[in-house]
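What follows is one chain in structure tokens, specifically the form predicted on its own.
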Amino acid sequence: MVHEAPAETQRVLIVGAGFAGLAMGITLKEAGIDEFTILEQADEVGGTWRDNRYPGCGCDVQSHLYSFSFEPNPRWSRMFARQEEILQYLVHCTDKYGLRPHIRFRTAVLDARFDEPTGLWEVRTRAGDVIRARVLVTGCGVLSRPSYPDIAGLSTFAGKTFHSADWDAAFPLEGRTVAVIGTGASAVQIIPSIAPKVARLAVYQRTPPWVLPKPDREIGAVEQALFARVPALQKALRRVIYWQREALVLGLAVEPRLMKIAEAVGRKYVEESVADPALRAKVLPTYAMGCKRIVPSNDYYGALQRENVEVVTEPIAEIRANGVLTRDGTERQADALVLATGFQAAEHVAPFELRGRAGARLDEVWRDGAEAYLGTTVSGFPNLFMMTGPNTLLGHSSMVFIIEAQARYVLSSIRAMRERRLKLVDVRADAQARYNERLQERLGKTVWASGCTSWYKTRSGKNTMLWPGFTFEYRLRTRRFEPRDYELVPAG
């Protein structure tokens, strides 16, 4: 029987120790606020960069931008860092900024309930402990719940099955016949990494991704030493990368017709990379570039042209004990099944049960599509702040930039609560409604609304994922807590 321990009280409770949770912890610590605890269900920090360990796993944003602005790393070994190096960076940040004493590892949250009389969140862990907190910050991320395909017979497969987010490195792929289901960002990294090792590889593609060349290269020791000795150089490079990526918003969200230029580049890349006309027809997308995630890769098309690789576009009918049956009646044998099918992202289910005022469940409040104010606060859930909440993800740049902006906004809110002696702050329903009405209006004019099906949208077609503009605009919108947007309830 689960024991119910006496409750303890924290000023701030953070859930998750990935980029978001760590950024929040460092921001509080640097502001002189030490009364906070980070709950982490695993035994180390890192979030998605700890959990995703599939072959070829890396970042699609340059290392110098995909890192904290306050903690540049002059020793990045590549322009686009791999998983292991990003994880090492997060471990380094945790230790340098003294966060370990604040983190409780192997502590999973069961649920959280807002207690209106006290203005405190009551958080229960799976071990039965109860923690009360004035402010609750969720930093669980949206790429933390793998999405498993609804394919008949999946559970009957007799070979090895694993999702890209739960890779079994102990299972040897050498000499095996492997099926990869999906051709999204993870698959584009996995396929070139395993194709040379396996006996045969069948790639099951529903919709081809737009792939562009990846301007990746090694960063040599001399360049690293120069960055370490002259930090302004690395800062300048970061700024150049930032503005290059911001320019992409012009095509994605301001004037989608500009994406025709990028499509011409992508089409030329396919024509130059793929010799076989039949394969070229399979891998050339027919939807507008940017409507789905654009994937950079220098070796994906090469991998698809290997003699031991087959691209299958016929829909899957069912999974059988020894392989995959497609609708045309062909059954292809497989020893291992790799599900590169992404995450439950757009549906934005709460990371754990969250009950706000009057016991309202967040999942119920979000049943028609998740929404929040500035992607951070939700009406009816006082003193709750979400990192990487609805419509804060990016289709063009570094999420770390957004995370830092949110952390500063949460800090501004906490300071306002302290200065005004507030028991709770709850974003006004009308402020949230106006914000989201304008947000969806803008999203309707972007390339993401051009007609494709993507993980940015819910089943009903609502885009609950992306921020429809420049990141500097989001930073300006979140530069400080605005009391007029909130219901303020004083303490005592």
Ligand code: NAP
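Keep in mind that what you see is a predicted model, and the values were worked out from it rather than measured. We number the residues from 1 along the sequence you see.
Beyond what is shown, the protein has a form predicted in complex with the named molecule; the following relates to that form.
Tell me, which of 35, 44, 60, 437 has a heavy atom within 4.5 angstroms of the named molecule in the model of the complex? Here the answer is residue option 60.
The named molecule: the contacting residue among 151, 309, 336, 262 in the model of the complex [heavy atom, 4.5 Å]: Checking each option against the named molecule in the model of the complex, the one that comes within 4.5 Å is 151.
Taking the named molecule as it sits in the model of the complex, is residue 455 in contact with it (heavy atom to heavy atom, 4.5 Å or less)? Judged by the heavy-atom cut-off of 4.5 Å, residue 455 is in contact with the named molecule in the model of the complex.
Would residue 383 sit within 4.5 Å of the named molecule in the model of the complex, counting heavy atoms only? Output for residue 383 is no: heavy atoms all beyond 4.5 Å of the named molecule.
Quick check on residue 237: any heavy atom within 4.5 Å of the named molecule in the model of the complex? Contact check for residue 237: no, nothing within 4.5 Å of the named molecule in the model of the complex.
Hey, in the model of the complex, does residue 206 get a heavy atom within 4.5 angstroms of the named molecule? The answer is yes: residue 206 has a heavy atom within 4.5 Å of the named molecule.
To test your reading of this chain, name the stretch in 356-364, 238-246, 175-183, 109-117 whose heavy atoms come within 4.5 Å of the named molecule in the model of the complex. Of the stretches listed, the one contacting the partner is 175-183.
Relative to the named molecule in the model of the complex, which residues of 37-56 have a heavy atom no more than 4.5 Å away? Residue within 4.5 Å: 54 only.
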